[in-house]
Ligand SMILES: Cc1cc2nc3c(=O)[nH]c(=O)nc-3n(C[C@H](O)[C@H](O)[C@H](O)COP(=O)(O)OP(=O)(O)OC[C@H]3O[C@@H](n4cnc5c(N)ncnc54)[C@H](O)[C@@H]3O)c2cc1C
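Presented below, as structure tokens, is a lone chain in the form predicted alone.
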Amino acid sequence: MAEILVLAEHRRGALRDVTYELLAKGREITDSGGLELSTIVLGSGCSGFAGELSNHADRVLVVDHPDLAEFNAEAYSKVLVGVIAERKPRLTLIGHTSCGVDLAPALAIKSGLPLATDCIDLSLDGGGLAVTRQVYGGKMNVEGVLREAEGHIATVRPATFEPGEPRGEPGEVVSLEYPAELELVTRFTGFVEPPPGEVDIADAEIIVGVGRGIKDEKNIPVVRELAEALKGELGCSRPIVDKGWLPKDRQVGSSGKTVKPKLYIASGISGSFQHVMGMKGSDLIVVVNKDSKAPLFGFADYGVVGDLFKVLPALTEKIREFKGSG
């Protein structure tokens, strides 16, 4: 039976969230198209991953070899080309992460298959693949259909789909052989950790984030005062760091910190997918922005369409009054 194939992504001994998000979308497609859902994990000593993944897929393909202990785009592409040629999946899903961006283009060329990148939605369309992508910084969605082909490859933006619940019956686990005498030019040498900053916002229970809507560095105290009133930490989007208004250790996003506070207040942040990737796990998200079409409203539990220079001081005052009365 034809299948959807999901590439499992892992880093430093843990499966990444995007893997479960892709499996949830893959399951949605297979349920509507009479296909099976398979996932493939490349690693070294990865039997534990296989056990976890079997609860989300009909089949788990495992390629276990020391060369695959850490992500290596060259090794991954050479292994996956053979797997795709043999199994001919209807669709191969890869996360649009630093790993996926490195891997997918070469894999598509070597496999001779059409590729769609950074998708926020996708579905099978006869022999083609219908995809939705965002342009102009997330302000507009565009839809397109890739030409009919034996199979397709797509990278999917992290934090787009909700992970699914484990199934009651585990799928089968199948071991595949690592290609014999595979010569690699590139090698993984190690992770380089950034130097620690003065504060680790990843541990904060309350974060008040600020974006380019603050307009000027001299206005940041408006946001800092709210964070202090809530006994939380001040966070920010990348443009604030790029301007030098706040240090890098305050940045929330794919190129900054991933945070999961109990409360995240985003003020003047439009909501690029890089920022969403860093705060989507927050328990409660409140967005304050004068642009009612800001993409981040789509992820908010509560939204305030208004001027942050009016909303935040009023909120700070009320919080101080409430704490003072207690």
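Just so we're on the same page, rigid core means the largest C-alpha set that superposes within 1.5 Å between forms. Keep in mind that what you see is a predicted model, and the values were worked out from it rather than measured. In this text, residue numbers run from 1 along the sequence as written.
The next section is about a form of this same protein that is not shown, the form predicted together with the ligand.
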property	result
Stretch from 219 to 227, 205 to 213, 127 to 135, 176 to 184 whose residues place a heavy atom within 4.5 Å of the ligand in the predicted complex	205 to 213
The ligand: the contacting residue among Ser54, Ser270, Ser282, Thr30 in the predicted complex [heavy atom, 4.5 Å]	Ser270
In the predicted complex, Thr39 touching the ligand (heavy atom, 4.5 Å)	no
4.5 Å heavy atom contact, Gly256 and the ligand in the predicted complex	yes
Partner contact for Gly232 in the predicted complex: the ligand, 4.5 angstroms, heavy atom	no
Residue contact check: Asp291 to the ligand in the predicted complex, 4.5 Å heavy atom	yes
Residues in 236 to 257 with any heavy atom within 4.5 Å of the ligand in the predicted complex	Ser237, Arg238, Pro239, Gln251, Val252, Gly253, Ser254, Ser255, Gly256
Per-residue C-alpha change between this form and the one not shown, Trp245, threshold 2 Å, rigid core fit	yes
Phe49 C-alpha relocation of at least 2 Å between this form and the one not shown, rigid core basis	no
Yes/no, Val287 Cα shift of 2 Å or more between this form and the one not shown with rigid core fixed	yes
